[in-house]
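Just the one chain here, laid out as structure tokens, in the form predicted alone.
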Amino acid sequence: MPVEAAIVSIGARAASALRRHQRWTAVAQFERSLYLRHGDAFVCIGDPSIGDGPLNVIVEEGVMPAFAAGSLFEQAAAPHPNPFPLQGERRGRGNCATSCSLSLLMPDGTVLSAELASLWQPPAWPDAVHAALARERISAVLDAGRTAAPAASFIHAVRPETATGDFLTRRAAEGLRRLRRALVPQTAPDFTTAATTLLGLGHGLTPSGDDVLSGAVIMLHALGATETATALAEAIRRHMRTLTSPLSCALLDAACDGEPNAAMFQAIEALIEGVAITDVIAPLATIGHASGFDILAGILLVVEATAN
């Protein structure tokens, strides 16, 4: 007999994708989450600890182990169809179906019901208080982020003089320099060079360079710099499908439209409103292994370019 569990909340993009497509393939399984794919569309099913986001479907506490810990996948005999495999994933394939009410039938028979689910969308951004974004505060947030971040994070390359001699960090530092240069007000900013240097660069479920770009374009939206955000978004979208993974493209697409996840929103809100630095760092520390700190690097590059 199928087990039924409740979906607590669902991101607006995920809801739209589930309404458009019925058949999905399970493409990556992690301890707290499961990714489903239909073409270029992705949704992430996870427990409450992953937080809300545009692509996230949050299920009630204690449900994930019931359908994610077992033999969810039929192992594929053919090579994995994704040329950009997801780091840490359990490879394989399995289908699930969605109903018109957004409920999901999982490959193991679990039914995820959306009957009581709330639709999640990011709140409106607070008014930017530029006094709270003074250079002294930016430096303090950067120092705190670098102290808390793992060694692999690109936040360590924000200051070129501190970048180590290994190729990846030097390449990251160059990409960040190009992004910083493009963000400084000018007649014709070169976001294409910055985007093509950073897209697909680094390790992780979403490469670190992609996370930097996500943080930067979201922060531009938060500050109301619509014209600059649009220019950066156009450069990202023009090149992302040939330079990074399909999943990262889906997340970048949401960021380009100014749609953060809940942790990004909380961190930027804390930064803008000038509250404790720990309130900026803590939400981002919950995103992946280093992704949150890579996002912070992009956020701070934008703030530096607009600070008093």
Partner chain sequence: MTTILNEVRMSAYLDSVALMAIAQRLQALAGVEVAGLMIGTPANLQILREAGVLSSEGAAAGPGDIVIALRATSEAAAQAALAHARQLLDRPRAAAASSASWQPRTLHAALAQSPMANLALISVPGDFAVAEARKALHAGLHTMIFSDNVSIADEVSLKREARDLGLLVMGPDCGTAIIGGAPLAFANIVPRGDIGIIGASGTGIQEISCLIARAGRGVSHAIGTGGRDLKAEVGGITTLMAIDLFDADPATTHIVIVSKPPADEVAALILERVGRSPKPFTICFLGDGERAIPKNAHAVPVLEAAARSACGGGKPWVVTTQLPARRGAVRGLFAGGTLAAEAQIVLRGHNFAVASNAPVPGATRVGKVLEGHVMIDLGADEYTRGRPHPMIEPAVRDEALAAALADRRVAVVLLDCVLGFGGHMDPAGHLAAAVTAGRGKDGPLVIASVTGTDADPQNRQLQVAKLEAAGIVVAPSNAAAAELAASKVRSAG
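Numbering follows the first chain given and starts at 1. Since we're looking at a predicted model, the values are computed, not measured.
Another form, the form predicted in complex with the partner chain, is not on view; read the next lines as being about it.
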Does the partner chain get within 4.5 angstroms of any non-hydrogen atom of S245 in the predicted complex? yes
Touches the partner chain in the predicted complex: R137 (any heavy atom, 4.5 Å): no
In the predicted complex, does G274 have a heavy atom within 4.5 Å of the partner chain? no
Counting only non-hydrogen atoms and a 4.5 angstroms cut-off, does H203 reach the partner chain in the predicted complex? yes
Considering P150, P126, G224, P185, which brings a non-hydrogen atom within 4.5 Å of the partner chain in the predicted complex? P150
I need to confirm a contact call. Of M64, A262, L252, I281, which residue comes within 4.5 Å of the partner chain in the predicted complex, counting heavy atoms only? M64
Decide yes or no: are A17, R19 and P54 jointly within 4.5 Å of the partner chain in the predicted complex, with each residue judged by its heavy atoms? no
Work out which of the listed stretches, 195 to 203, 229 to 237, 117 to 125, 215 to 223, brings a heavy atom within 4.5 angstroms of the partner chain in the predicted complex. 195 to 203
Which residues from 265 to 302 come close to the partner chain in the predicted complex, meaning a heavy atom within 4.5 Å? H289
